[in-house]
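Have a look below at one chain only, the form predicted on its own, in structure tokens format.
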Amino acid sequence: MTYSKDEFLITAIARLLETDDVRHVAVGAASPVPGAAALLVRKLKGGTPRVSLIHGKATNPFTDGGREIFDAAGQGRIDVFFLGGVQIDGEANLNLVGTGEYPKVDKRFPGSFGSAYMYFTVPKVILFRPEHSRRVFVPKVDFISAPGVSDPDVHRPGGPKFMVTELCIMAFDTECRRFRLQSVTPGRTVEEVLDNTGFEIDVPENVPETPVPEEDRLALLRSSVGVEIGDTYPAFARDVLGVAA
């Protein structure tokens, strides 16, 4: 069965969510791929984990905007959240502000909002940045919107655990402050990952391929999960999953 790049990424992320410690997955705005992954896992596991899509109304339980989700995260009631960045470096620092020498940046972006707070409080943050290039994965971000690691005397229950891109999945080691290559997208190579990454990563002797989407999971995506995600992202459901809103 053929599949699209987005469907591949959805199933890759879904596997990272299929652990017993994941009870509540929250997904920020403009994030249909992580959102579909969370809904897919909930369908596969018969109703768990709880999924909150912070966009639209159909699957958004929060009525008080950012304050309510921040309160839930601070109380330990969110287990997984997704973050990205205009730039990401080898210590998992994120830049969501702009590129160039701050404050006179060359290009300005929407900004950090609650990324630093969620990075500190949510135990399992998955970095999701489909584009894998040296433009994104830089030696050092131009501005730290959210730090990947903190000093030992800083109370920090949260932080990065994985990064998912079009080329690979990496795991992050907080103690070593480094990414480790976990798997490579079929048809891509370790050398391609290294060539397109602007910082050093650890590479094990044997790097497996990221599994391709299973037929039963694609069937769910293109039916019931597609309907659910279509309540929030109708164009995505129609154009990517072939499900009419």
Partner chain sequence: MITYLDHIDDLASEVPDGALLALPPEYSFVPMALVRAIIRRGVKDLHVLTVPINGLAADMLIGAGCVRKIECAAVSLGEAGLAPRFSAAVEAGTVEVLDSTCPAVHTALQATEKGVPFMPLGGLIGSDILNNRDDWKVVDDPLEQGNGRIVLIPAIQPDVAIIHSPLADRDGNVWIGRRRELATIAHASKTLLVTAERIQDESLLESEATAAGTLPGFYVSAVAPAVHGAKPLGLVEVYPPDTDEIISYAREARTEEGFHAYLQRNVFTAREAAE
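These numbers were taken from a predicted model, which means no experiment stands behind them. Positions refer to the first chain, counted from 1.
Absent from the display: the form predicted in complex with the partner chain. The rest refers to it.
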Report the residue, out of R188, K43, R50, R217, that has at least one non-hydrogen atom within 4.5 angstroms of the partner chain in the predicted complex. R50
Does R135 reach the partner chain in the predicted complex if we count a contact as any heavy atom within 4.5 Å? no
Find out whether any non-hydrogen atom of E175 is located within 4.5 angstroms of the partner chain in the predicted complex, and reply yes or no. no
4.5 angstroms heavy atom contact with the partner chain in the predicted complex for L127: no
Does E200 make contact with the partner chain in the predicted complex, using a 4.5 Å heavy atom cut-off? no
Here the chain appears without its partner; judged in the predicted complex, the stretch of 24-32, 209-217, 191-199, 177-185 with heavy atoms within 4.5 Å of the partner chain is 24-32
Across 92-128, which residues bring a heavy atom to within 4.5 Å of the partner chain in the predicted complex? V97, Y102, P103, K104, V105, D106, K107, R108, F109, P110, G111, S112, F113, G114, S115, A116, Y117, F120
